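Laid out below as structure tokens are two forms of one and the same protein chain, each shown alone and named structure 1 and structure 2.
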Structure 1
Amino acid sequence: MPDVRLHNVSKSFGTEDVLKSVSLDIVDGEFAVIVGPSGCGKSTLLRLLAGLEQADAGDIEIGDRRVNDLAPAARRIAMVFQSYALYPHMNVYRNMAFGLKFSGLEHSEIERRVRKAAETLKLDGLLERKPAELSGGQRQRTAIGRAIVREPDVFLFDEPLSNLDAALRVNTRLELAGLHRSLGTTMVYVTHDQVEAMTLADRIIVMNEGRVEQTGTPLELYREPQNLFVAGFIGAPRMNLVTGAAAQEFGAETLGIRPEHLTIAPRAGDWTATVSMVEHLGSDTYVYADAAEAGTLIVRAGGNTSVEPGAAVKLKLDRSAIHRFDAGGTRMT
């Protein structure tokens, strides 16, 4: 299976520059997740890889082939979209097999591929059902199965879980991770959900306004964000970002503090704050507190924390875990 490479790839629609000289290397067998806010260019990048759009500049390579001018069918890729796009009059088997009928494969080979994919996706008992008789998760697995039977070199996923409810999203996410382990095929996955990115990716590519802000493993991005955008985007709840005199005390223009690196101190602390809201989530409690020097801060506390809105508290930060950023928003060493 091949690596995927983009070299200085740009794309515009009219006067809008959607991708601005993007360069990426995605390693053979890697689960790479492209994440970023709506409009950052991530879906356009995926469509360029698939051949559904043409780059204005730069090179796209899959393995040792430059694929800029190749039709989608010649790129040995398979794409799973946000919409299931299943044929409503066909059962699961026929939906999965349909694209292979025009490939010249023998019927026995089509049968083998469909049965194997159905077993992998736990659809083998549902092959005679039509889409209307399936749950949302089963429909999405059928769409994934339709991609698997093509036995591509690279899978492309464009926000495939966004139409599922919360419980199904978690379950299907686990199934996707297991699928990648079993197939070992290169997967490029686009999402705006940073939780999906953190839980699925071998490597995350963070995009913003048509550019790559940072790439790295989930923990590298969480522990060492290279700029303010990545610091604020990766992590739930988001990193606390403090400016003004409170940050300058630490030699920074902006100070970043993860919620788990703030504690409610019984006596002395770094800041005095007033609790504005408390979210009890069972194992964790998120305390929102307003500090005159530092603004509104989120504290990740234990599930048994019992503070109430309006209470005055002392907040103590873990000084070994702070992040410092300069006036340009770049991480300081």
Structure 2
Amino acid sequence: MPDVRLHNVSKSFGTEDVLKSVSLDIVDGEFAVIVGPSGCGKSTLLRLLAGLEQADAGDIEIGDRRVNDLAPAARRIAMVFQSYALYPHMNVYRNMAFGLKFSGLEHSEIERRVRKAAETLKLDGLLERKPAELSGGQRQRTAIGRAIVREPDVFLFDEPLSNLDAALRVNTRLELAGLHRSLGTTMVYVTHDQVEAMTLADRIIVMNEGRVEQTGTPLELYREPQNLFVAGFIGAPRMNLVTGAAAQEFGAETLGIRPEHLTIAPRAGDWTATVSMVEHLGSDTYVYADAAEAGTLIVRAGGNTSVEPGAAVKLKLDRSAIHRFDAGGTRMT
């Protein structure tokens, strides 16, 4: 079973500790997304898995093998890079076949795999083209194709969608999800975009400052963030975090309320606030309101909400859906 396992892995560049004793378990066949702000160590973690960097301490296992000392090629992984890393002087076919040439595969087998991947990725007609003659989406698919033909145990993706425009990004996201379904191979995917993480992942690993903050399914993270960082990072618009007396009323240092768990009440409410800004998104309306006790709060209201900036409103919170955090920022039960 090619599970991917990290045990107390540390890595520093000079004096900077990029990964601080990170442990992880990724189950065979899972689509795992590592998400976090830039500089959190997620890309380094992926490069350690790939074997492009060496861990300072700890064990990295793929399947039942400790791979710390194995060259990238011996780890049975394939990686898709943010920049795609297509060889500019080779056409699509040679880009996909290049790595296989060195693995001792029969010529006919290489050809079969490349043709099959090209078919899967709708690259059939483009095999003779050089990367410069491809669109962004086609380059992206070529990069994925180059990974597929290796038939790896684990796919590694390093922010593969960040060079695509918004529309293409949504499309490719769906294609990636489809690909994972049809191949059933373990995928480890790094991104800073929490929407990508929520939509693609079987399991999300949230990282911050070289540590894993929380691991879980998208909904687990959304519903039960274990700490303030995860609470603030997952979900858009972000969770309202209230401190001071308003929080202490609930026995917490910090009180977290998702925007959809606040409602604008006609008469009685928990807090009185003044509307400062209103964003109409069609399906939803985001109302920004300043409450004396709780600061600026974002309320997710229905599409046909008609409050105006300057209006005084009452805000009511859904007490069953509040998140309480202690002074250390940890979730209270």
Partner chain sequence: MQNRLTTISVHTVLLVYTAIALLPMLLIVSNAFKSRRAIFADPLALPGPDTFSLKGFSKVLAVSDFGLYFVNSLTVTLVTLALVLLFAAMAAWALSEYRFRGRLVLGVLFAVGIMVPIRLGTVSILELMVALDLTNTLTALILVYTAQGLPLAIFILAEFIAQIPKDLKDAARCDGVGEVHIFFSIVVPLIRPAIATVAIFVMVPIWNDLWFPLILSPGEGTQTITLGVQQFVGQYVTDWNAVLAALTLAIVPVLALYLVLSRQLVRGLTAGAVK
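Every residue number counts along structure 1's sequence, beginning with 1. C-alpha atoms forming the largest set that superposes within 1.5 Å between two forms make up the rigid core. Predicted model, so just to flag it, every value in this text is computed and none were measured.
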Check your understanding: Just one question: which structure is the form predicted on its own?
Key -> 1
Exercise for review: Determine whether the C-alpha of Phe81 shifts by 2 Å or more between structure 1 and structure 2 once the rigid core is superposed.
Suggested key: no
Check your understanding: Taking the rigid core as the reference frame, is the Cα of Met90 displaced by 2 Å or more between structure 1 and structure 2?
Key -> yes
